[in-house]
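Let us start with two forms of the same protein chain, each given on its own as structure tokens and named structure 1 and structure 2.
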Structure 1
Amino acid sequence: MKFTATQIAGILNGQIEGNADVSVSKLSKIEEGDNGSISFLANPKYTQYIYGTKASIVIVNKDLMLTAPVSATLIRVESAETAFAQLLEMYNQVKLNKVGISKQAFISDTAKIGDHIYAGEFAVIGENAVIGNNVKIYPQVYVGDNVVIGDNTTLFAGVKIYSETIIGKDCIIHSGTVIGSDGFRFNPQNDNQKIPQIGNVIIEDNVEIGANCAIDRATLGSTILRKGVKFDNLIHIAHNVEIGENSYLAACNVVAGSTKIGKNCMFSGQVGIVGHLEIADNTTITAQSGISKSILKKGEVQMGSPAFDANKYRKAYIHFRNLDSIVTRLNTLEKLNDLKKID
């Protein structure tokens, strides 16, 4: 699909400098732009590229001062970064605007399907499932029995949703993610007998889950992701965990069973949290930290393994780095002390 500079400027409420009729059909970085592409310049460090870019259209800030001619058509806006993000969102909506049910998809006769859905090849929708309006179910997605999926939710290729799961509106779940698999629970007193996991998973509205995540169903009750939660790739959430509203978890986080995480928390990559803890609202945890006890004070920043207050950790780490020299000094002092005793 092609758009002219005039059309784009109208969408962005921008001013055109150059050929208003030039058209573009793809997006590019300014340093890699080629004919027929549109790019943007927001960071002053990249200003040099505007004079040589082959992009047909470049979105720039209104106050950008040029020191040489440019071949690209410019669209001047209040904020180039904001405007380009708006274009990216529109482009993404057009690209992902799939509708229709493939002849190779299987939908149970007892399932309830909303309007304008997309179901790709080899997608499976189980018995008594309820699918909202404008839901997109990509190829090879499995939606189990009694699953409920809200309006405008997207399940990318290969997502597996086990039975009884409830997913809200405007959610995005990326490829390879499994939701509702059994929690990891066995009875060591009875030859490691498996304990049945008969709960479910509830995902509220506006949640995004990255690729290859695993979210276990509860033993009893529900594993819950509250509204606005955002997950990176490769995250494991164990049975009966609850993640509070608008919390962000980066890649490779692991949260063990029955831990409750508050609102607006931000966890960097490779954070591990043991089970049955409480993490207060607005907690920040730095990368590769191990959380072994509850964090009850709101707004704390913790790091390390086992983790504690980040400022104290940094100070302690200075001493840890100097530990070898400190031990050498102590050994020297002990030897001197022993010599004095001999004298």
Structure 2
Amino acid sequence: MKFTATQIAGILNGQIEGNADVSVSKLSKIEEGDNGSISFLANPKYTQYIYGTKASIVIVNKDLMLTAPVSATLIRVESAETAFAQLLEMYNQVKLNKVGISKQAFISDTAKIGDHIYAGEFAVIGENAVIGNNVKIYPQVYVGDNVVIGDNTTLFAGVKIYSETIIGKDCIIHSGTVIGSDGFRFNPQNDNQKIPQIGNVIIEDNVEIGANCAIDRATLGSTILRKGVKFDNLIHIAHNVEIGENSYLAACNVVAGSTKIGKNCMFSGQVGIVGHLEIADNTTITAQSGISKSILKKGEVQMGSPAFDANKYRKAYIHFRNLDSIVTRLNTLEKLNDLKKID
């Protein structure tokens, strides 16, 4: 796909400054741009780069003042940031515009398939599955029996969805993620026999899940990710967990069985949360922290393993770093006091 400056200015409703016929086929950062790429300048910190950039076109704010000549064609717009985001979005939609059912996909006779879907090579759609409109199922995806997938949802290559899972509309699930595997439950009273895991996973609308996550089905009932939840890569969610609306979990989080997490939470990378807890709305947890007790007050920030209030943790940690000098001071005091004793 090649576009000329004229075409792009047309789309973005901008004014051209320079060669209107130059064409571009890719997007770049202004400091890395090369010939044939289009970039943007919004942050004044980067203004220096416009004089040397090799990008063929740069989108800039209407009111940008230049102090030296520029070789790139400029397109002046109301907001360079918004205009570039618009281009990104267009580019992305073209890139991801797959449609049609491959002859090498396997679709069960009893599955119900919506309109305008994509089903790539070697994808499997199981019995009684219900697939909404505009769903994109990339190659080698597995959709188990009785799974329901809402409109406009995308499953990238190799996603595995176990039977009975329900996925909402406008979700994105990245490659390698597994949804609906058995919870980790064995009965120690009965020779550690496996406890059958017959619940399911429910994922509401507008959820995004990164690559290689694993989300277990409930023992009974449902493991639930509420609307707008966003997961990074390699996250583990155990049986019967519930994650509240618009909560964000960074990479390698682990949430153990039956824990309920509130809305609008933000957990940094490698956080672990033990089972059967309640975490209030708007909780923030710093990286590598371990939560061992319920957090009942909204809006707390916790840190440490086991975690407590982050400000208190940071204070304690500064002293931890100084423990060697603290002990030296203690030694001195002891000597001083012993001497006095001897006196």
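Keep in mind that this is a model prediction, so the values were computed, not measured. Numbering runs along the sequence of structure 1, starting at 1. Between two forms, the rigid core is the largest collection of C-alphas that superpose within 1.5 Å.
Undergrad: Quick check on the two chains I just loaded: which one is the form predicted alone, 1 or 2?
TA: That would be structure 1, which is the form predicted alone.
Undergrad: If we fit on the core, is the Cα of Asn311 displaced 2 Å or more between the two structures?
TA: Result for Asn311: no, shift under 2 Å.
Undergrad: Using a rigid core superposition, assess whether Lys297 undergoes a CA shift of 2 Å or more between the two structures.
TA: No, the C-alpha position differs by under 2 Å between the two structures.
Undergrad: What's the distance in angstrom the Cα of Asp21 travels between the two structures, core superposed?
TA: C-alpha displacement of Asp21 between the two structures: 3.1 Å.
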